[in-house]
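As structure tokens, one chain now follows by itself in the form predicted alone.
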Amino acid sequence: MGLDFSVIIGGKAGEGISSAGLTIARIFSRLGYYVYMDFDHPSLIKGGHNFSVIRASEEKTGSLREGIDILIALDKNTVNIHKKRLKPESTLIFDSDSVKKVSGTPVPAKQIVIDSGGIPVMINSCLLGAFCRTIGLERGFTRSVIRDEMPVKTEKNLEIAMKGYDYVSELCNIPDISEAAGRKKILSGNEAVALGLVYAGLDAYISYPMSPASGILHFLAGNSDSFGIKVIHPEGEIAAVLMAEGFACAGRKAATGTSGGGFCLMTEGLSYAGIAEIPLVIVLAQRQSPGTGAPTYNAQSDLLFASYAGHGEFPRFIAAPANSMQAFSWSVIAMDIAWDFQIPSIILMDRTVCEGIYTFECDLSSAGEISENRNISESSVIHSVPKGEKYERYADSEDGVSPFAPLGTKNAVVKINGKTHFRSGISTGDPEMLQWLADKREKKENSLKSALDKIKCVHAGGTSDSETALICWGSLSMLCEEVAEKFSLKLIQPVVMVPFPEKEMKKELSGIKRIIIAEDNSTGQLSLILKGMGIHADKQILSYKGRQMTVEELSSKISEVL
């Protein structure tokens, strides 16, 4: 078995714990390892306990282990909370000016920063330098990493980091395998969604900040000029969804993002998109508990809400990606489907995927894997109408998808209506038209299902010929796949949740005699959906404490039910 190494760096909010963790993740990526990082933090601007967990492995990884190899502590609280995860051979690196009466590798980081004329947050630079020496990195490599990762006050950070480096001794050696494995890129789920939307032709992102979707807004706002898009922060979620629909009516691809509370407010707009047949993309980032709840902790509790949100009956598309790779590719597909079928598409994320950092291996220059799934139907957008021809916004069609002329199209009178309407777009309460419109929406949904039959909507892994299947969705997939391989189980992850790929799911379940379903919610929402299709769980593993299960924790639960 190759290297499998875990690090925790912890301290208070405002001490740069997330950026320090990201630096450690990038160090391992540069060395050629697969990386997964989770940033755990309470909903506080300053104070409280923050920590980043970084797992590096020669095998693909997107989950956490219970034990850690190195604990980097900026305060005593970090030691108290995480010391139980230390193994006999583990190393504790700590700021000896803040942490007393513990054994390990002390570094007088606070005093080094003062003597160097630095600022308090640079304590993490000092400890990062010590970490690099501890794992056997060369001085030149360490200097290069610090220089690349700290663009602000670089020389001072570098000076302090190297003093931390020189203060300790090498305790282990993490070999550089990048020559054989290649340097890898890392990306958060939020960044991957943003890039996927841009790749799909995003013109505008309109969003009111709400954790854990805020990272998309920040990333796109910071790169709007490079991407050539508009990024708008309106007064609230209702404005955001309606502005996105306004962009779409003008022929511009737009998206919005929020979490459960904001999505509640957007449901009126969601129904409007359903009746008016407006292409709309919403990123719904799930977080723990109803209401304001626990905004920085994880849950998979909005699946049924997203599936049925809004009044009336209308088709929608929902995909729930498991990591940054899936977040990228399914964001592209979600945008394509929204425009090909003129329906709302929902990208159902969870906190772990949104803020988790994953190794990202997609080649954006070619995106060959994506192209196989693109253009699953012909685009129905038209940009000109021959002179003398009458344009009807809601004209009949075999697949229920009418030609869509954006507002301002030459020779076209475009009437977009959120009330029941004739083919022309003029309002009506005519009973025959009400039924015709409902039939039109049903035809469109059936066309969407037929189109999805052409692409792979269910991910399968683990042991393919096992008679026991472990089913999960969203961020649990990479954890479940690792555990499934350990127990020789088959892993099945439906990515498309609406319309649910029932035929593909049942095909993957062929030969399966025992089903275990794992979810991060208390009611088993995927289990309820599967039950409606005659697929029953023999055992359920439900976790709803807001934190990810570790490999050891899920393994223990699997052992209990096998």
Partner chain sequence: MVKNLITSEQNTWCMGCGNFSVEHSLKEVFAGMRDDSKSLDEVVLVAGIGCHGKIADYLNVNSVYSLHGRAIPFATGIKLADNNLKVICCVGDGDAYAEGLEHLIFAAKRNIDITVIVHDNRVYGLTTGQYTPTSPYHFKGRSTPGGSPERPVNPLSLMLVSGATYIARSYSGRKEHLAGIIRAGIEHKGFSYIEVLQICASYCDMTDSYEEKTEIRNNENLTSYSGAEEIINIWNYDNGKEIPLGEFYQVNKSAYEDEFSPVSDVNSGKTSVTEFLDGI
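Positions refer to the first chain, counted from 1. Just so you know, these numbers come straight off a predicted model, no measurement behind them.
The same protein also has a form predicted in complex with the partner chain, omitted here; what follows describes it.
Self-check item: Proximity of Ser380 to the partner chain in the model of the complex, heavy atoms at 4.5 Å
Solution: No, Ser380 stays farther than 4.5 Å from the partner chain in the model of the complex.
Quiz item: Could you tell me if Asn417 has a non-hydrogen atom within 4.5 Å of the partner chain in the model of the complex?
Solution: Yes, contact at 4.5 Å.
Self-check item: 4.5 angstroms heavy atom contact with the partner chain in the model of the complex for Lys486
Solution: Contact check for Lys486: no, nothing within 4.5 Å of the partner chain in the model of the complex.
Quiz item: Would Asn223 count as touching the partner chain in the model of the complex under a 4.5 Å heavy atom rule?
Solution: Although the partner chain is absent here, Asn223 would touch it in the model of the complex, with heavy atoms inside 4.5 Å.
Quiz item: Among 345 to 353, 317 to 325, 425 to 433, 79 to 87, which stretch has residues whose heavy atoms lie within 4.5 Å of the partner chain in the model of the complex?
Solution: Heavy-atom contact with the partner occurs in 425 to 433.
Quiz item: Check Asp453, Ile455 and Leu562: does every one of them have a heavy atom within 4.5 Å of the partner chain in the model of the complex?
Solution: Answer is no for this spot.
Quiz item: Between the options Arg139, His459, Arg147, Lys230, which residue brings a heavy atom to within 4.5 Å of the partner chain in the model of the complex?
Solution: Contact residue from the list: Lys230.
Self-check item: Selected contact from Leu195, Ala299, Met478, Val283, since only one has a non-hydrogen atom within 4.5 angstroms of the partner chain in the model of the complex
Solution: Contact with the partner chain in the model of the complex is made by Leu195 alone.
Practice problem: Could you list the residues in 175 to 206 that come within 4.5 Å of the partner chain in the model of the complex, counting only heavy atoms and keeping sequence order? | Solution: Result: Lys185, Ile186, Leu187, Leu195, Val198, Tyr199, Gly201, Asp203.
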